[in-house]
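To begin, one chain is listed below as structure tokens, in the form predicted on its own.
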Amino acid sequence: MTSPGSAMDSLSAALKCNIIPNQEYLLQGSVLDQYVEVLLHRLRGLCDNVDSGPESFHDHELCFTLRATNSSGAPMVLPLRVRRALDVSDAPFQLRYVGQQELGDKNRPTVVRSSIDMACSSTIVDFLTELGCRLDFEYIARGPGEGVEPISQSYLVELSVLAPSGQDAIGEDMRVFAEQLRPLVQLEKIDYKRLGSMM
């Protein structure tokens, strides 16, 4: 068994060597119900796993926030997500931190935000509650969308890549891929701060 110091040293070394995926590159859009099969057909043509078909999933996600104040008294909010597979009983729970969208180059083709994922046990929900985290909302995600109660006449489409810091060429690759899906779905950067101020 390794000591906590050596584990932290290993983590620090991995971060310095840029081998831990800690950035999410993200584009989002939607497709109308009547064009889902056309989109799936186009994706089969663009992707290299044509024989296996779309991967199904049935997950439960809980979204928590930990509210605190920093040393200057300003409020801080730490968003944390816990996801578990409902269709794979022995899969570990996943704890995920997703940071704010990075400010910077407005010409960047994707949203870029900090993201750290880790596997954990089923006691993570109790741990977060004891820590003072508040459950904001939860939802069930299921794909490719069979057997769910529709809440709109469209499907959410996300293109997301996790990578180590500094891999900005991925954003351009994602933009090129997203162009192949037009006009069925227009994947774009979503500015959540602007969206929140509109409500």
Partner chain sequence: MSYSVDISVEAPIENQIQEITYDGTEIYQPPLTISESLAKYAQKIDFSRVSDVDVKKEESNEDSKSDADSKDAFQSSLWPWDGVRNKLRSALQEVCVLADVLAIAKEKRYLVLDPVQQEPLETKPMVQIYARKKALAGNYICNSLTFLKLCIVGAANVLLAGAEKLKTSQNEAARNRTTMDFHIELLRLRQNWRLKKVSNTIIGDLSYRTAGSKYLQTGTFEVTKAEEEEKSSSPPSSPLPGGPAPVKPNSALRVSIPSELQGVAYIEVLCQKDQEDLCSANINLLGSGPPATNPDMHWQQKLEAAQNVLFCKELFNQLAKEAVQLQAPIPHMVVGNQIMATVLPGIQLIIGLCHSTTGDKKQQNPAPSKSDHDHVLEHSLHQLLREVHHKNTHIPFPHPATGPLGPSKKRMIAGPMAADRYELLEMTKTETLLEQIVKQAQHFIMRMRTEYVLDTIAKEIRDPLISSHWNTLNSPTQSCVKINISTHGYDAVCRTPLVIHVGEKSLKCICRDGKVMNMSYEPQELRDLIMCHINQHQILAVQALAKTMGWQALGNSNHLGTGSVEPLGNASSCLLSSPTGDRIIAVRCEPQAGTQVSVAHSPRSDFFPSRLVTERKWEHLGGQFRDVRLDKMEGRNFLHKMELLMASLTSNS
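Numbering follows the first chain given and starts at 1. Here the structure is a predicted model, which means the values were calculated and not measured.
Just so it is clear, the following notes concern the form predicted together with the partner chain, a form of the same protein that is not shown.
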**Prompt:** in the predicted bound form, which of the stretches 169-177, 55-63, 39-47, 26-34 has residues with heavy atoms within 4.5 Å of the partner chain?
**Reply:** 55-63
**Listed residue (L135, L131, L162, L156) with a non-hydrogen atom within 4.5 angstroms of the partner chain in the predicted bound form** = L162
**Asked** P92: heavy atom within 4.5 Å of the partner chain in the predicted bound form?
**Response** yes
**Request:** Could you confirm whether D126 comes within 4.5 Å of the partner chain in the predicted bound form, counting heavy atoms only?
**Result:** no
**Message:** Against the partner chain in the predicted bound form, would L103 count as a contact residue? Criterion: heavy atoms within 4.5 Å.
**Reply:** no
**Partner contact for L78 in the predicted bound form: the partner chain, 4.5 angstroms, heavy atom** = no
**Request:** At a 4.5 angstroms cut-off on non-hydrogen atoms, which residues of 108-133 are near the partner chain in the predicted bound form? List them in order.
**Result:** D117, A119, C120, S121
